[in-house]
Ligand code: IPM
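This document starts with one chain, in the form predicted alone, laid out as structure tokens.
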């Protein structure tokens, strides 16, 4: 029997609630595939700071080091609660960025997938959505402005200032380019390269390397588009995109816009891939305002399981089954209160109710 060890990082807010539903799916997949998922939980995020004195404790680092893959819930607190944690230990700085550095998870995959079963969630007009939307944003995740040198202080004029550097070298760009071209090659053979070369020299280098790598993929058409224009086209004609690649900050912003196309970041899972290890997580936040109410939809957490099954464990069929099971639940008219307003034409269920129905549908496949 094959065994895979998975580190479960519940995170904060609604994290534990939606993680519980992901575990149900993993248990069923293991049951019917003669495979064992060794599931071990670790403290991570704001809750870890309060319980362990650190947002990414040594015990959790050791667990993640020994795991075959990491399944991570959302992290973070409300603005007021965050003030109770030292700035450098707040979840994003004290846990998330160190996690990315530790495993060099340079390639972030965020699918913007809107089949007909959930098309009604989108705020865009039906004539814009058409038969649905299906594209993927590939974001470079460990370089750029977020990881550059940072300096704050007071200048000679007595004014407070901040200086943050946007840094990339050609090796960083080349490896994310290869991931993007390989992904496009497996899909429709079209890659949109998102940049800002009319202003940023970092984008000039980015584009040069993209073209160099692109020469090795003659079967992939590369289309260059400015990031501001891309933001517009995502609203006007999202169906034109299939694979998009971009640097860190652009990817952070445009992938959230992708969540807007879907109608909620609660419908967007993600994968963060490194050379030796990957972690999988919902793209949304921890929603502390609804934590404990069992109204959060676990779609993005379960979708992250589907991505893990495919990308870390090569279980493509079961990954497709998980996606199909979730679409089937929505197709039957079910939803959770965080996605649908009371009185709308849906059958309202709880977080665990949605998870139970997904498992029920998955058993049929």
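Numbering follows the first chain given and starts at 1. Since the structure is predicted, the reported quantities are computational estimates derived from the model, not experimental observations.
There is another form of this protein, the form predicted together with this ligand, and it is not shown here; the text below is about that form.
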Of 92, 228, 81, 167, the one that lies within 4.5 Å of this ligand in the model of the complex (heavy atoms): 92
None of 113, 109, 146, 103 but one has a heavy atom within 4.5 Å of this ligand in the model of the complex; the exception is 146
So, a 4.5 angstroms cut-off on heavy atom distances: do all three of 139, 252 and 281 pass it with respect to this ligand in the model of the complex? yes
is_contact(residue 96, this ligand) in the model of the complex, heavy atom dist at most 4.5 Å: yes
Quick check for you: of 173 to 181, 196 to 204, 281 to 289, 213 to 221, which stretch puts a non-hydrogen atom within 4.5 Å of this ligand in the model of the complex? 281 to 289
